[in-house]
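In the block that follows, a single chain appears as structure tokens, in the form predicted on its own.
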């Protein structure tokens, strides 16, 4: 497909004699289609050319000639605006959709590149709450999009199955285990046990020391402690898998923290040999004060290891196993310092330079309740299983009220309810905190998952009324020349570009905003144009546009992790 942005960049580069790559980085998409398809901010060249932006714009306009691709160039407030030939644009879009179908938007930019994405990573014996949900759907969306762009992707669920918290769970079980039925409600029982032992640890330092010693026993291979640890792990994985199945999420690797317990010594030996590790009050540390990154704990004074040690062992293992070009860690921004420290220390590991450069922390904001921050220690969480079930039930109630005769009501409610939750978690930029609100998540008219699903169902309904999807050879795209049609076509054209931006920035919210824009533009088209028409040529063109919109809405939503309903 023709890259019209490149065509614009070539014109500007030729007129200014500035490198094409630099010009491409400056070109923007105007917020309003009436301001053109592409805009060049001339103030970017003001220092270089030592002229005012409006003067630069006037000079460039006089040097740039229109052609078959660019039909108009005008000036607005120091911006040079370019208008693409819409007939060629429409033909390009529909030619591509006709050839690629549901692979429209795919790219080969990832060919030959290995990506590891570390996400979800819930803690064993703790509830899978809405904070983990955002992590999971964000990582899963990135996984889907990278694969769609032809990267070789490995998804890793780095389970939190190691650490002092397990020493606490074991101590709690020794004290009160007989009081619980772990078979009936395993996670609820574990959560209550964890809250109780944490409360006791705050009151009694000796209990906390016993918890720490329990974890040390796990590391040392103590039979009783290992048996209890495996028991909690098996209970948790069974419950977690119910949630993953509901969300349609699976992983290529379930290697959690414990997997690296026998791989940490090699990391320590390497770092000691390089003189990176020093001793401090019986502990092994790495001093990064010169980098303004504080101190990294490698081994505590009681001999147990730290998160950092395990993460470094994981980096070494993943570099050797997957030879990654990028390794993404989808973890809340609260861990920013931790990953800066670990990535800095990883520079001392014997791994390829591309692996060192490819370590990335995809930080995301916290999900909060209306009453404040969640805490498993205090027992103030919303469990994902409850959240998903309630969402489905709420949607089913709406269906029963408005469309009681709908077939497969529960299945359709499941797609809408889960889609609403997934979209709600991805519809803000990664780093932004969010407060969970039912009224926002399940709004069928706002910028939500249900709205996109509703517009998709409308495209299906329209095609049912038409009675067929037109054969592309019968479609005259030149008939789609009204403003609303052209807006839809321009949006369809941008699909691949949006996916490439998601990969570049690891920001799925760019795709959610794109899908909202496409749905809204189609709604405007639908309201302004009769699709079932006596003029068959016009009907075929508009029906094919409808088909194209439905296809891209379904593809894009699927990449986010949403299923499309058949009826709403």
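Positions refer to the first chain, counted from 1. Here the structure is a predicted model, which is why all the values come from computation and not from measurement.
As for the form predicted together with arginine, it is not shown, yet the points below apply to it.
- The chain is drawn here without arginine; in the predicted complex, the stretch among 208 to 216, 389 to 397, 269 to 277, 327 to 335 whose residues come within 4.5 Å of it by any heavy atom is 327 to 335.
- Of the residues 134, 140, 168, 158, just one reaches arginine in the predicted complex with a heavy atom at 4.5 Å or closer; this is 158.
- In summary, among the residues 176, 444, 307, 182, the only one with a non-hydrogen atom within 4.5 Å of arginine in the predicted complex is 307.
- Using a 4.5 angstroms threshold between heavy atoms, residue 261 stays clear of arginine in the predicted complex.
- In the predicted complex, arginine sits beyond 4.5 Å of every heavy atom of residue 194.
- At the 4.5 Å threshold, heavy atoms of residue 123 reach arginine in the predicted complex.
- In the predicted complex, arginine lies farther than 4.5 Å from every heavy atom of residue 493.
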